[in-house]
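Only one chain comes next, encoded as structure tokens, the form predicted on its own.
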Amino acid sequence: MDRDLVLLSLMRKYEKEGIECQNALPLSSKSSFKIGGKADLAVFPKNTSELEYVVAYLTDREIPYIIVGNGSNILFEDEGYRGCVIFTEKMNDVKIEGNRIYAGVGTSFTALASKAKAASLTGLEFAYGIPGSVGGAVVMNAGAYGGQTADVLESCDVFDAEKCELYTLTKDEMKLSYRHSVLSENKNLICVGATFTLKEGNKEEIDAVMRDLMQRRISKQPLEYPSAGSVFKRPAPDLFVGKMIEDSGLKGYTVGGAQVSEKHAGFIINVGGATAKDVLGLVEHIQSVIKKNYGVELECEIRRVGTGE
């Protein structure tokens, strides 16, 4: 059967099941970079059951799919995505019991930090201002200002797309390290939610820390421009990528509409009309210069999503 007819049939099926979906969705509208072509089909499950149903249905019909949270650490390619993009943003339920807090995969990490503060729970202050979702934070062990997801994660609920099973992985089983987890190794394991263990704290003190961290972000990061956050992983604890790029004279270096931020050289920003090709060209140039100047291979932290994924 023609691929377009299959996708149209899928959309009608999901709509009949009450699952929100849209065809030919401009991915630039769901990307913090404001870059990307159209997805053949976009689906927005509201809960784990809908996610399981969608994934199983797509897998059975051999339709390519990807899972996306807030689109904050992603570069969608200009050609778009030939298949289905599953957005988890509506899976954002939060439950607090004592000092434990459960959050759905699509919950904003910043919103989760705010909910923890409202409950006088400390430990998630570092997450305030991180633009990604809980799923992205868990998969990549997101961190900032001395804190990281591994410090507070208790467990992660996952759906195994290969086995069609739902189960829980403990913190140890997650194999968390710098920008890495077992979920980043195995694409069949899909995070659907996570439980965090926090400590009782003083709401005013928690709020003060969060305000301070946000002010530091505003003063040092180019939040006024579309970007995907920090572009490269730190190659070693004592090597700071932004400083290496700045010392190499690359601040302000531009390819098309993509530019190395003048404010923080670790960021690539969209100064207007940037394409994925522009960003990738700039990434390659930076990697080449840093390799020449420092003998260091920079690894891109941003997830590239396109037809070939």
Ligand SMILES: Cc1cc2nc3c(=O)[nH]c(=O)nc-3n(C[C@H](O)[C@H](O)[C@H](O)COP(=O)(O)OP(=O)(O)OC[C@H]3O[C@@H](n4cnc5c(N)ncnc54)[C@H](O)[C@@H]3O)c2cc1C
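Just count from 1 along the sequence shown to find any residue number. It should be emphasised that the depicted structure is a prediction, and the values quoted were computed from it without experimental measurement.
Although it is not shown, the form predicted together with the ligand is what the next lines describe.
- When contacts are judged by a 4.5 Å heavy atom cut-off, I66 counts as touching the ligand in the model of the complex.
- A residue is said to contact a partner when one of its heavy atoms sits within 4.5 Å of a partner heavy atom; I96 fails this definition for the ligand in the model of the complex, lying far away.
- Not displayed here, the ligand is approached by S72 to within 4.5 Å at the level of heavy atoms in the model of the complex.
- Residue contact with the ligand in the model of the complex: G83 places no heavy atom within 4.5 Å of it.
- Checking K175, R234, R100, R217 for any heavy atom within 4.5 Å of the ligand in the model of the complex turns up a single hit: R217.
- Contact with the ligand in the model of the complex, judged by any heavy atom within 4.5 Å, is made by just one of M210, L153, M140, L121: M140.
- Checking 184-192, 160-168, 197-205, 234-242 against the ligand in the model of the complex, the stretch whose residues place heavy atoms within 4.5 Å of it is 184-192.
- Although the ligand is not shown here, in the model of the complex the stretch 127-146 places heavy atoms of I130, P131, G132, S133, G135, G136, A137, V139, M140, A142, G143, A144 within 4.5 Å of it, in sequence order.
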